[in-house]
Every structure is written in C-alpha cells, then in structure tokens.
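The data below hold one chain only, encoded as structure tokens and taken in the form predicted alone.
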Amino acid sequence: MLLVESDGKALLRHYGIAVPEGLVISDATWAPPQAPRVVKAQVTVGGRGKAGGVALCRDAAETQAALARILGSSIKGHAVHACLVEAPATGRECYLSIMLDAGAGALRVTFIAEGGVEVESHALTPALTRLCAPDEASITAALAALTDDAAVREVGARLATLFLREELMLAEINPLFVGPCGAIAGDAKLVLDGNALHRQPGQESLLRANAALYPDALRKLDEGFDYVELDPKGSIGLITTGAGLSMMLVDELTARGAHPINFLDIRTGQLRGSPARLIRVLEWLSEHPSLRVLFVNIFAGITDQREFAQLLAAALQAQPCGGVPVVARLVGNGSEEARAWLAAARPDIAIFEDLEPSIARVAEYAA
C-alpha cells in the first residue's frame, strides 16, 4: 500500500533522512510565503508530475494559483484533497531504492546517478542494481558496490534501517538531491506491507490519522478482507472471492468496455454462517449512485455454495442496493443445489453456471 508523499517523508524524517521544509495544505485560500515553492498533489498514485499534479512556483501568486488548480482535481482517478507545499531542493538528482524482490527471494538495491522523471530509461541497466540478503550489512555492502558517494551511502544506511524495521515492500527516493551540504529527499515513495500492519502500530496510527486517504487499507484492517475501489463512477459492483479469480473478472469486464466499481476477495471461508461481510460490501457499493448491477461470481472448492446462497439472499434482504439487478454465477461445491435454491428463493436474480453468458447479462444491465 502506497503512502502519500507527506506521510512517506514523515517516516524518512523519523529515521534521520533530510527532507525539504513543507506543509500539507487543503485550503486554496491559504496565504503562502513570498518565496519559491513546490506544490504537490497528495494522492496514493505515482506519476503525479506528468499528470499535472506537481507545480514549481516562483512566488506566492503562482503558489496560490497552483493550489487552486490542483486542489479538487483528479489525478489518475484519485481526487486531490490536499497538497504538500514545500521549499524546493537543489543539487544533483539521483535515484535510490530498496525493494522486496519476491521472485529472487532477496532485496534489490538500486542506485542511479541520473534520477528524476525520466529515470525509467535507466531502470533496466544491470550495473545499477544489486540483490542482497535482508539485513542492514548486506544492504550497505550492495550500495557500496553501486556508488562511492558518502552522502548517498549515509542516506542508504538510514533507508535500510527504515525498510527493515517498518517491514516495507518498497522504499524509493526519486529524486535524491545530492550537493555540497549532503543529500535531501525530494520525493518519497514508500509501500507498506498490508499483512505486516498488525505488527506496526505506528503505521496503523498514521493510516487512521489520514483515514480519507487510505480507505482500502483500513477496510482490510477493520473487516479482515480485501475491497479495493477501482472506479468510483463505475456501474458494476462485484461480489467475488479469490484474488486471482477476481482480478481475472475485472480484466474480462474492462476488456469489454465495462466499468467495475471494485475489486473484492470476500474470503467465503470466513463468512462463518453470517451475512455480515456481504452486507458490509453491499453498503459500500450502495454509496455509488452510478451502480447499475451487482455481479456475484463465486467459484468455491471448500465453501458450501448452498450456505453461501442463503447468506447472499439474507444480505440482499438487509441491503438491497436500491433494487439494482443481480447476476449470480455459482460454481463449485454444492453449486447445482445452490443455484436451484436461489432460483426458488430469489427468482429476480439471473443465475448462471458459465462465465460468458453471465458477463453478457451483466454488460446488458450496465449499458
């Protein structure tokens, strides 16, 4: 889970890494100082600069104009409710990162002497990255093989401590400004491991302090399953289980020009005879005025589909989502009996066994 830059920089600062002086501003009428400032949209997405979410301002008038333009806008589907306004940093722009490489079973340390917005053009150069074990000494040794710059090495050592203690998946500074007075982090891209949050009370406190920015992570913390909003203006609400199957379904729908609101892995094995989780999902989906159809796609090996069908009916009774049509595809353990029971109990639900006709019906309702 990606932190917004201001929260990422707060963690960098906590571990002794220098960052520019800055304030988080949510009011476009704020009076900035008469000095150059950088205005940055605070959204949980990369590529803000190319999307118009970053502005270098020469004076107070330009800073206010940038705030007025960026606040309330949308960056890659994310509404901008706040901006980080900070003093510009100077120096040679570098790139520094530590990331978890699950495929290699190691950490990957990368240093690129030419950082900035076009850093991707260098990203595949093998000489710029090293694999290492997940300990501070190994990370320090990997970075020493990549650069002899003392300022970069010092930042890298502190970044290693942060990465390991906070159990991160990615810690990236781009650009890292390096000059005569040392190094300063011009940006911060820190990705938390959602599965480690229960061991990181400081991270949980940070998320709850900015709850509006991290709704998906907090849902998982509080509810125990994954619900990710993909398109707040989408028309299809998904009730699905299995991360891979759910992502496949999202791909199938978007390939047909449809617009799913959410990704969901409801984890049917943890329903435990209660419709509570399903009701919560229906409540979240019902908040979207654009919702036009509910698509239930459950492929179960262990879960008894007959029990799931009864829980689904109970959930829809408790939260009917404005009466939008429901398409249900139930496949797996007890699915034939489940489909028969659901057809009798809820004849208004379109019930399918095969994927293609179910998607076709969903597309019909969503059009």
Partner chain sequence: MKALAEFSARTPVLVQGASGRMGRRHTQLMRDYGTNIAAGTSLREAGGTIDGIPLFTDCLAAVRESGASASICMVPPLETRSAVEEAVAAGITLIVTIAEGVPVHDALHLRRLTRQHNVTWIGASTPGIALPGQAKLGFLPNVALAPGPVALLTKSGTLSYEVGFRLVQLGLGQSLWLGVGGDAVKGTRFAELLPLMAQHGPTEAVVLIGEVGGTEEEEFAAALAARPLGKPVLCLLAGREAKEGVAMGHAGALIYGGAGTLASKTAALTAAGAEVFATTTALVTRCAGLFGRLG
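The structure displayed is predicted, hence computed values, not measured ones. Positions refer to the first chain, counted from 1.
There is another form of the same protein, the form predicted together with its partner chain; it is not shown, and what comes next is about it.
Taking the partner from elsewhere, Glu21 is found to have every heavy atom lying beyond 4.5 Å of its partner chain in the predicted bound form. Its partner chain in the predicted bound form comes within 4.5 Å of a heavy atom belonging to Asp226. A residue is said to contact a partner when one of its heavy atoms sits within 4.5 Å of a partner heavy atom; Phe111 fails this definition for its partner chain in the predicted bound form, lying far away.
In the predicted bound form, at least one heavy atom of Ile302 sits within 4.5 Å of its partner chain. In short, of 166-174, 201-209, 280-288, 83-91 it is 166-174 that has heavy atoms within 4.5 Å of its partner chain in the predicted bound form. Of the residues given (Ala79, Cys181, Ala145, Ala133), Ala133 alone sits with a heavy atom within 4.5 Å of its partner chain in the predicted bound form. Only one of Ala141, Leu218, Val191, Ala157 lies close to its partner chain in the predicted bound form, with a heavy atom inside 4.5 Å, and it is Val191. Heavy atoms of no residue among Val4, Trp30 and Ala60 are located within 4.5 Å of its partner chain in the predicted bound form. Although its partner chain is not shown here, in the predicted bound form the stretch 246-267 places heavy atoms of Met247, Met248, Val250, Asp251, Glu252, Thr254, Phe263, Asp265, Arg267 within 4.5 Å of it, in sequence order.
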